[in-house]
Ligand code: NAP
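Shown next as C-alpha cells: one chain only, the form predicted on its own.
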C-alpha cells in the first residue's frame, strides 16, 4: 500500500511519501536506542513538564491538527477537534498521575527492606490505525513516555501527515531527540523491526490479521505485545429502558467516526416488547442524518477512509441481505458524488446463526436483532468471537447486575455508549485482543516489575 494522503471525500491524491529504506530504519533504531539510555534517567517531574507542554500545543493548534485528520481519513471536522482535545487530556492525565502509578510499593517480607520497583523496558514499537489517528497514538505515547520508554510509531499508510505531526509535537514539547519517531514504512517491514534486539515490546491497534501477524513475529523473539483488535459490540435494549435516550445514544454509538470504530455499537439486540417502537425511532434518526463534506460543521456522516473499506462494507451488506436480512434504509454506496460515501443503513431479520451475523461491520451499518427476554439478549450478545465493549440499557437493578456479570467483554456500559476514558482501563478479550491501555493498568503494561530484597 502506498504511503500517501488521499482525500476520502474526493479521491484526490494530495501528497505521497517515499517509504524508509533499510539504512534509514537502522538509523532511527540507533537514535531511539541512544535516546533511551539517557531518557530513562530523567525524572517524572521533567517528563511531566514536557508532556504538559505537548498538551498545550495540542490545544493551541487543535484546528490545524483536526484539518489534517479530516483531510486524510474523513472524520467529521467537529469530531476531529474533539479528538485533539482528548489527546491533550490524556497527556495531562499521565503527566499528573504517572509518578504515583509507578512509585515503589513496599512489601513486608523476611528482608530488612523489600519492595517492587517499576522500570522502563526500552524501545516500544506502536503499530497504529487510521481511524483515530491522533488519539490511538497519544493513548500509547503518554503512558509509555511517562514510564521512561521511547517509542517508534508505525502508523497506517493513509495518515502519514498525522504521524509526522505527532512526532513534531513531541519534539516541540521539549522531549529529547529520538524519544518518539515515526517510521514511514509498509506493513511488510514490521517483522524486521520487531526482530531487532533493541526493540523490547510492541503494541498494535487494528485488525485481527494484523494483530495475529504482529503477535507471531513478537512471540518468535519472546517479546511482549498488547493487542486491541476488532469488535462487534452489542447494544442491548431491554423493555424497562428509557427508549428515547437509548435510541439517541444508539444512533451516536453507531455513527461514531463514520461508523469506523472498534467500540462502535454494531449489533442492536432489542427485547421484543419494544422492538417495533425502537426500530421506528432508530429509522427516523438514521434518515435525519446529513451525509456530506466532513469539513462542514453540520455534517453528521463523512466518507469511509478508503475505497477498499467501502467495497468490503457493501459486500457484507449484500451478503446479509442474501442471508435473509431486510434492508430498511441505505444498503448501497452513494454514487452521485465522488468519494467513499456509504449511507446510514439498518438491516433487520438476519438469522443470528448466519456467518455474516458474526462479522464486524466497519461503517455506518446497524444490525437489528429481536429477542424475547434478557436471557436471549445475553446469549446473543456473547455469541461472537469478539469481546471488546458492550452497552446495555435498563432501569431494573436486577437486570443491570446480570448484564454486568454475564456479558463477556472488556467493558460494559450501562445506560451509556461505550467510550474510552484515560481514567479507566481499555481493552478486550477473545479475538478483540489482550492487555490494557489507559489508567494505571495501561502504564504498567510496558515496564519491568522488579522485585527488590535487601538485608
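Keep in mind that what you see is a predicted model, and the values were worked out from it rather than measured. Residue numbers count along the first chain shown, from 1.
Just so it is clear, the following notes concern the form predicted in complex with this ligand, a form of the same protein that is not shown.
When contacts are judged by a 4.5 Å heavy atom cut-off, residue 370 does not count as touching this ligand in the model of the complex. None of the heavy atoms of residue 316 is located within 4.5 Å of this ligand in the model of the complex.
In the model of the complex, none of the heavy atoms of residue 51 sits within 4.5 Å of a heavy atom of this ligand. Residue contact with this ligand in the model of the complex: residue 231 places a heavy atom within 4.5 Å of it.
Site residues 70, 79 and 162 are none of them in contact with this ligand in the model of the complex, judged by any heavy atom within 4.5 Å. Of the candidate stretches 175 to 183, 197 to 205, 316 to 324, 272 to 280, only 197 to 205 has residues with heavy atoms within 4.5 Å of this ligand in the model of the complex. Of the listed positions (265, 377, 124, 128), a single one reaches within 4.5 angstroms of this ligand by any non-hydrogen atom in the model of the complex, namely 128. Between this ligand and the residues 134, 93, 362, 341, the one pair within 4.5 Å by heavy atoms in the model of the complex involves 362.
Residues 130, 131, 136, 139, 154, 155, 156, 157 are the ones in 130 to 165 with at least one heavy atom within 4.5 Å of this ligand in the model of the complex, listed in sequence order.
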